[in-house]
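Presented as C-alpha cells, the chain that follows is alone, the form predicted on its own.
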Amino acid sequence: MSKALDGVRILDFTHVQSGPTCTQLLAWFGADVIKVERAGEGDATRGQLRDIPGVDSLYFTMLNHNKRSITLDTKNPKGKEVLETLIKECDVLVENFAPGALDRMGFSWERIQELNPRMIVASVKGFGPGKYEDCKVYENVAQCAGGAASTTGFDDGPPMVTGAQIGDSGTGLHLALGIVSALYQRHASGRGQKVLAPMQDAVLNLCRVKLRDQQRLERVGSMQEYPQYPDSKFGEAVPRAGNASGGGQPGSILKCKGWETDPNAYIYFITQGAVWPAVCKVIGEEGWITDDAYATPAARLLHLKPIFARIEQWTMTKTKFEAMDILNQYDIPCGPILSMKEIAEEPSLRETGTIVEVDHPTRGKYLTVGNPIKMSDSPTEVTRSPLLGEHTEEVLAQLGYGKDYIALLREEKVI
C-alpha cells in the first residue's frame, strides 16, 4: 500500500529532539528522509545517555526511525557541492540549528531559492522575531517562556515543568503540520516557502486555556473551578492549579488502594454535572443529589474540597483499575495514573502500534513509541534508526555520483 508522503524527499539537518521528532513523523508517513550528519560524530544524541557502551543511545534511536543517514563535511568544497545537489533534488530542508547557522554555511534562503525555487525550508527556533530571537533554547526553557511552568504545580510551590516534552516534541509536531501545509500550497503556487515554528509559540499554543483564564481573571477577579476558590485570593496572573481540570469540569487526582507503597496508585476523577447523581450513588452519598448545597454545579463549587475528600475515601478502598471498572459503568469520566512500566506492558498499545518493539543490529530489541496518528490508507511500519553514515554511498549513487568519485570523496574525508 502507498504512503501519504510517497515521493517527498526531506533533507534532514536536524539534531537532538525537536527537529528529529518532525522528520520522523514525516518518515512514518512515507517521506524519504535523508539525515545529514557530521562524519565520526553524527547527531549528538547518538552518544547521550547511553545504556550500552559504544551503541547508539535510546535517545537517538527513538527519534530517528525510518530515516537514511549520510555523513558529509559541508565545509569542504566537494562536500558543499554534494549539499547543493541534495538541495536541488529534495523537496524540504528541515533544520534546528542555532539562529543564523545556515547563513554562515553559505546557504541563505536566497541561495537555496537559486538552487531550487520549489524548496521548502522549515526551521525550529527558540523564539520568533523579537528581542530573544538569537537566544539558545532547550525544552525546559521553552516550557518556562511559553507559559506552561508558571501555571503548572501547586499554588504553594514553585513553578514546575511537565514531563511531557511539549517544548521539543510539541514544536516538532507543529512544524510537521506546517511542512505538509506548505507542500499542499506548492501544488497551486509552484513555489517553496519558509516555515518557522518557534518553541515559545508552540508551547503557548498548547497552553491556550491558560491565556483564556488570564482574560477571565482580569474581568471577573476569580475563577470558580480553581482550587483557590473560594478560600484564597487570586493575584494578577493565572495561578498554578494543582491537579484541577482546565476545562471547567471539576477534577482531581485521588488516592487508590496501595498508595502508601505505590507512587502511581492514583486515579483522576471528574465530577461532571451530567453524572453527579451516579457519583453520589457510587460513593454512598445519595442525599447529596437533592441537598441544596450539592445539587447544582454552581453550588458544588463552594464545596469541592470536601466533595473530593469524600470521593477519595471511596477510591482508597479500590485499586485504580477496580475503580475504573466501576466508574465506567456509569460513564463517570476518570483515568488511572499509568506508570511508564504499565504503559510499556499494556497489550492494547502494542496491538495498535502505539508501542512498538524494534530490532537494532547493535542494540538488539528495544521498545519505542510508534506513530500516534493512524491513517487507514497510509499504515505506518516503524523501522530502525540508521547507523551513522549507513546510507551515504546509496544516496550519492541515487544522486548520480559514480563509484570512483564516491571513493574519492571517502578518501578525502568529505564523507
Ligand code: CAO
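Everything numeric here is computed off the predicted structure, so don't read it as measured data. Residue positions are given as counts along the sequence shown, with the first one as 1.
The same protein also has a form predicted together with the named molecule, omitted here; what follows describes it.
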Problem - Proximity to the named molecule in the model of the complex (heavy atom, within 4.5 Å), stretch among 96-104, 300-308, 144-152, 242-250 - result: 96-104
Fill in the blank from the handout: Of H187, K136, R219, K131, the only residue with a heavy atom within 4.5 Å of the named molecule in the model of the complex is K136
Exercise for the section: Counting non-hydrogen atoms within 4.5 angstroms of the named molecule in the model of the complex, say which of R38, R384, R68, R363 makes the cut. Expected result: R38
Handout entry: Interface membership of K75, the named molecule in the model of the complex, 4.5 Å heavy atom rule
Key = yes
Exercise for the section: With heavy atoms only and a cut-off of 4.5 Å, decide whether V395 touches the named molecule in the model of the complex. Expected result: no
Exercise for the section: Give a yes/no on whether L175 approaches the named molecule to within 4.5 Å in the model of the complex, heavy atoms considered. Expected result: no
Problem - Proximity of T23 to the named molecule in the model of the complex, heavy atoms at 4.5 Å - result: no
Completion exercise
Looking in the model of the complex, the residues of 1-31 with a heavy atom no more than 4.5 Å from the named molecule, listed in order, are F13, H15, V16, Q17, S18
